[in-house]
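You are given structure tokens for the same protein chain in two forms, set apart as structure 1 and structure 2.
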Structure 1
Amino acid sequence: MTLTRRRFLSGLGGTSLVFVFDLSCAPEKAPEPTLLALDGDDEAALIDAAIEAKVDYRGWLAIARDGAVTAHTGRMELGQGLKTVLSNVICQALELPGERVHLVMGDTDLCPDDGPTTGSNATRGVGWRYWVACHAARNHLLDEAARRLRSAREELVYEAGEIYDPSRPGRRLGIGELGPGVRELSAGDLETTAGDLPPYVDRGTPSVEAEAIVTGTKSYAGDLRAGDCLYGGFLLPEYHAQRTELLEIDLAPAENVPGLVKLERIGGTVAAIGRTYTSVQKALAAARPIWKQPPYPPEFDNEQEIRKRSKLVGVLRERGDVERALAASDHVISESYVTQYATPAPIETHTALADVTARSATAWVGTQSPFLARERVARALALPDERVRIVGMPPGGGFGEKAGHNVADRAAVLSSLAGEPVKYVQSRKEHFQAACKYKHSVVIDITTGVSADGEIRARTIDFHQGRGKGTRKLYDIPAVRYRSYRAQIGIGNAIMRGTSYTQTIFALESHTDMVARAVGIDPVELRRRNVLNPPFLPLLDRCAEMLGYPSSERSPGHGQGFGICYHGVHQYGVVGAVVEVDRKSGTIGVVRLCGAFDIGQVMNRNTASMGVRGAMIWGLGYALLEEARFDAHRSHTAAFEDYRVPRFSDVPEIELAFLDNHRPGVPRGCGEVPVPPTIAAICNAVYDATGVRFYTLPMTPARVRAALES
């Protein structure tokens, strides 16, 4: 199963040139690839040279004899267009057609561990490194061509993967011919900045996977079968996973289910293996478990429980004399905001196929983090990492949740029990309830002191069950104190798109609007006067222009609002919203969304626009629709009928603008920054339309009606 260097090289079909790049540095670090040219056609010599140079073959960017290029990355295509972007980068840097560029992604036996596909960092963390590395390779191919052609380096022309001397156009060397003689490079040879490289040009290339997606030929983990593979599953706890314990169980009623192969208690759960998915589910449903019931009543109020159980973790940030600054302010505004529990709810539930033997394991899984999955499988089976292979499959939606799930190791345990390949597919109910992990409900207490002319002088924020990301690099405030409190609720925290920026920006930007109203200053102007980073200014102007703000004609029930966000590594976003509120039904319709973003170099406008629109639609759902319902004992969210996500009928007109004013020329990611300000913009537009501030999400029709009636 394990791919050796010899097998890898033989698979390249007589490679004469292999560039070896160390592309495994953390995404936050500057790109420092190393380049090595291995001489000759003999596989053994190539292997020996690689071993002597202490090179990991999984970092190879290989140029084959026919000029085709194969690149490897541990990152995953999640539907965000990463495969399209990486292909575009290599095609443009080496001037190759798409059919000559191949990507191997997410296979732990073939690819480097260059981090999980999270946090909007794959384009800058991998794509930019490929751009740098390909240009380094191109420069040294030109050096080698100059030696062979006996021409001056500056006289040569690189064109479409070939190099020639215009004075002798009949003699052309393809990049696959130029292996022997190319020297080894160190990391120092490749230290560069955007200004040292040719500018990348976005050519609007369509998705390289569009046809496969539209025709249904793209394969996901759920499509896989290994011959007549078995199916497996686990008993779903009756109570929250962190609050329950299996005391005893009667398995006899389940043992005669047709198609059942194996039923076994494992620790605090029961594993079932059967010929069909249905037989597994029927067997688990027939078992008679006795659970330890939580020792308190099921009544549950999010805010009360969080406040009651909160303990100070620490001060996130403190600067200046907050109390003195508040006392010197002309206005002091104090408010509290509460967000809901939410779940990523991808269309494809957690799914994996595992094949385990006594000495090795392979798992095919929809994941955002193949190497973390390998680590978990190895630990579950007590195997060394090198004996476990994860083949990352495109997940049918991830949104952060598939970065750290346990589906691969659970499938591996089932396969180990069965002695055969086993496919593990979570039901929708299991997906919502089994892990008992949700984007946390957060209670945020915020106080701001502001002068009569709109200068924010002081701010305090207490995050109860929140991490408070999103407060930095937003507003220039002389005195601040931000604290984080942890609440032991017994409900796990899910990794979810936007992370804790989502809760923070909802509260912070809603509150900023209320500060503007208190001092009688336009909310956009208040932001202009107080933002810390200049890139926000053109974004605010552009977004207001797209939205037609301020509107001279206002229909009853219509409102406009804005939200801003600084996210990750120099990602700036401003979103504007127009809403229409039906006071009788309580329904909020989002009429229009506009977004202006500074995310650096846009590598592909098609994929970036799709990702940003999707994120803004996510923000709409979080603001108006999505909420996981449960009490202190159990979750009551088991299907999509219990968890409303946006439909096409909910999606408004969306207009986008991309500016590249801050550190231009380098990509900085865009997948998460649109979510938080969209939520805030919609909330502020609802306030503008109704004069009522909603301090709790989501703003459902029932909550809107109750607020307007009161």
Structure 2
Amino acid sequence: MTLTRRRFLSGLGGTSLVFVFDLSCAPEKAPEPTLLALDGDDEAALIDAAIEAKVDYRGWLAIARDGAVTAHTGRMELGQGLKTVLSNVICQALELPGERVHLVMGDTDLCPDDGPTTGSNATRGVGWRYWVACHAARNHLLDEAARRLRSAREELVYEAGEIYDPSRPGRRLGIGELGPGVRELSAGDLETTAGDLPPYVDRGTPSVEAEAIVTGTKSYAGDLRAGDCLYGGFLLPEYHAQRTELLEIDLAPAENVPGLVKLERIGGTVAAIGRTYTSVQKALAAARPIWKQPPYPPEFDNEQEIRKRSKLVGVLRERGDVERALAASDHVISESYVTQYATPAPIETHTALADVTARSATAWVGTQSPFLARERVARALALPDERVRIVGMPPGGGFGEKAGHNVADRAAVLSSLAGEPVKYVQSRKEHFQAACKYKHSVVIDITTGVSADGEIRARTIDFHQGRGKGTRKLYDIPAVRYRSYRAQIGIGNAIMRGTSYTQTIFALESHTDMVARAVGIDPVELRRRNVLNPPFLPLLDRCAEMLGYPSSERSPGHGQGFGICYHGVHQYGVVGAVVEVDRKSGTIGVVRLCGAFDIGQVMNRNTASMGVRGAMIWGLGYALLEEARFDAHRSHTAAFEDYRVPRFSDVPEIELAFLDNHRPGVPRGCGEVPVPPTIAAICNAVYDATGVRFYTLPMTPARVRAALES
């Protein structure tokens, strides 16, 4: 059954939901499914394009006759607390108890396409938009009530989902009764309302998901139809998928696996379908494939490979006469920084359930971008978009990885082969290796000219890989030249919590400390003298105060450091770290982290502070632990034992401060901005403790020992 979306949306402004089913023109027989190749090599660019393209704010709110309010959004709850924030916003704006507010998220038949859920844009984008939309709806409801009650609009009182005229308190109209006369919200309504809004008040309510989560009853894609559908999977290539092909395969040993239902060669690999997850994995492990070995040696060195192939793409920013300003500087500091390949590694592997029939397809998938999933399923099955319904399920962690690459289309191919619903649960190894997309290794060459009194006069940065995001609005520098280079090395670029600011800020803020040391000025003081934007100043002060900087007495092996970051739209962050370096073992322990953030209105302090602490720990992992390893032939990351992520034992004391000085009252998002400065703060604290600068991440015990010995 297909819902005609235009008709559906036009029904949303009224009272009840209008479903229109259209079963005409359905094809008799489904065409053969196609196993799609992964999209391009730059997933980050794909997601950015989707964010730019999609703004559809109509059809967000539906008020039913019984007064229940249903909100629709294509954005997803990822663990960032969007469900809680939306519920808080709607309850507060319309003065309703939580049980009268319902959220429908990520269902492509029911929700508007308001873009993928990435880059900490959900609270700012959807959360605030709902605050505006609800107040616009209130105005419409008051207009309609004035008409019905024959009272002046300004005499009316809106209270807890009811409207009345205080001179006639006996006659109260519920918002559900008013619906039929209320017109649909328009973009114009939102603009008008946005100028005149009451302040939102964070009441610190618990997460609306809490009870479901702690009882294990929150549903993820893998929990649906448990025991009531087949499982499926695909043979994982021995080498990087883009560099090999299946030459031959002996399927005979796989065919006797108990519970196996179907084995079939498709799209250069083999699909297995079985009654259990285990039967599928056993069959795939039993098959004897011969893969074509890539025709070059396996040695691989990030920096060398990137530099060897790097080609200038363009100038990102140019201002002033850089050469002259550098020549006129008292000190010129030139350095190169290199980041690792990293991967989000959510605990839930890519998972989808698909039910494909001849004329339509439905897929339930843990995703950050249901509408991108729909496009791919439609393409894989050669169906028009409107015959594909994606029910986005809240992922068990996404962190960017479930925004682009996802497996709904693969599950759909399996269901099409089986002729019944199939669940596709990636194995951990497959999850690490199949996409061959990582947060890019970036090589950053940076040169700064500074005066003797610590004024930064000139700076050049060459980004080899990456797009140089994160340089803006940090420092006030009269002469700059930032250039972007790209190297094709056959490793896909995926997005990951912290976005590409991560690499930039690691390099830039490590470098800032080296500039400060070169001129003999305290690193915090140097930042104070050079930051471009005033919101950084109180943050620097607050963070230094929380950290107890500079410390009057210092324990041996301890060091303190700071990093700053400006992210996206008006998110400012300063992080300070205290580390303890064990010279003998080379281990770096983070003792404390302090974060001061100006991220505007905090919508829910419980979910926001959880998310910010989590993001700081994410930064800790990137600085000290995480590194995806592979050579030119294959990935060596197949399990969590190969890819060290932060654990309980890595976690320091964390102290937070949220300031709201810059454009107060409006939320600006907080999911990403804590990550990059935490990395830099840890690096700078390590320098403070050891006098050794680490130019390559992560700072593993082996790297630390090697550096301290030399």
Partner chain sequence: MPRMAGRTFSLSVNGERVRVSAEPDEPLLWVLRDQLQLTGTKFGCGQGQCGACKVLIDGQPLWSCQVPVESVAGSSEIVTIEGLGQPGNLSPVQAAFARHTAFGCGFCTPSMIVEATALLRDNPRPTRAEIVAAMNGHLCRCAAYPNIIAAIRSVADSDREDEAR
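Predicted model, so just to flag it, every value in this text is computed and none were measured. FYI, numbering is relative to structure 1, first residue = 1. Between two forms, the rigid core is the largest collection of C-alphas that superpose within 1.5 Å.
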- [ ] Name the structure that is the form predicted in complex with its partner chain; the other one isn't.
- [x] 2
TODO: Would you say whether residue 158 is displaced between the two structures, judging by a C-alpha shift of 2 Å or more on the superposed rigid core?
DONE: yes
Open item on the list: Please determine whether the C-alpha atom of residue 291 is displaced by 2 Å or more between the two structures following superposition on the rigid core.
Closed with: yes
TODO: For residue 537, state whether the C-alpha moves by 2 Å or more between the two structures after rigid core superposition.
DONE: no
Task: Core-aligned CA shift between the two structures for residue 149 (Å) - done: 4.1
Task: Cα displacement of residue 246 between the two structures, core-superposed (Å) - done: 2.8
